[in-house]
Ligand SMILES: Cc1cc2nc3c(=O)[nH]c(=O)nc-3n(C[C@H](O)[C@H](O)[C@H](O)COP(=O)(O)O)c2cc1C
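Below, in structure tokens: the form predicted on its own, a single chain.
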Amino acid sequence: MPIADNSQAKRYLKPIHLKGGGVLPNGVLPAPMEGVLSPAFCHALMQESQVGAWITPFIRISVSVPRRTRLIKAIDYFLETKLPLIVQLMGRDPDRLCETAKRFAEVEAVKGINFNFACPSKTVLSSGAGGALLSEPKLMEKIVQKSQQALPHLSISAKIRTGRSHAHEMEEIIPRLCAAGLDLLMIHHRTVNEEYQPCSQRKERLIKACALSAPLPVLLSGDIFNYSDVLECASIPYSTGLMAARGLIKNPFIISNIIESLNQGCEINSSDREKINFFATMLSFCLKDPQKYWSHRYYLEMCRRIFGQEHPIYDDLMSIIIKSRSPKIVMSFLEQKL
């Protein structure tokens, strides 16, 4: 259907050039979702040409710096795709995080390191990591600064929320991080305490965040579900792109939908059949090694998120996954629907 003028939003189609020569093909990216970006999900995204670069789910660095072989294993599937890769780290020790960043910097496909200062998980917060660090701006600054100084030719970025308790906290947080040497900022409009509750101040908060960050490139996150959300984000001065998280799970084709909508000037949406095919593609990957990749709980959760209760196959698919717990039987059902 026709949409409003999208000339501003077309800037999201431009490549993002990172320090050190890395390039993200455009400003429409999948968010780094822990527990979602499984090898099967990523495989399906690749098969459907839905992604041009990756930001990994966080790799937790706490007691010690993992060996290089262990670090490579944590990102092996992303490396196999041969796409530009930003590795996300989470922790609170500047020295350990810096040493880990150095080891990843030796990997050719790794174009940047991203620090997670945004995760609202209560388990993460209780350990003082993720979003908890938004209460410690000086420590965040030190983490970024140390890695930036040790790796001056590698992109260093951060993912944040607008604050721990209140959005006005970003007025101190963002200038500190920018001064510490970031070359890219990723920001979610909610505070940590708001978790994923409805928030009516998305645009106002992001306008302020982008103004505080300028001229740094900024990727926006949070509630990117449809093309109207994209247009609203694009109306925010200085925003460079966006990352789809829950919107990507609900519609695995949202990235290509956005790009095609920008190019054609009208809203493009995926079909129910495309979602079925995507789920089947995930299963086809799982069938290569069910013992390693099959988890009926994961597929139940992905069924809930991708299809939703209104989809015509939702009830039957959920029932088959629960009763059979067999990827072959689930695949047989899906093949009948394609």
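Computed from a prediction, not measured in an experiment: that's the story for all the values here. Don't overthink the numbering: it's just position in the shown sequence, from 1.
This next part talks about the form predicted in complex with the ligand, which is not shown.
Distance criterion of 4.5 Å from any heavy atom to the ligand in the predicted bound form singles out 222 from the list 91, 131, 112, 222. Checking 305, 296, 60, 275 for any heavy atom within 4.5 Å of the ligand in the predicted bound form turns up a single hit: 305. Picking from 257 to 265, 209 to 217, 241 to 249, 143 to 151 the stretch near the ligand in the predicted bound form, with a 4.5 Å limit on heavy atoms, gives 241 to 249. By the criterion of a heavy atom within 4.5 Å, residue 116 is counted among the residues contacting the ligand in the predicted bound form. With a 4.5 Å cutoff on heavy atoms, residue 33 counts as touching the ligand in the predicted bound form.
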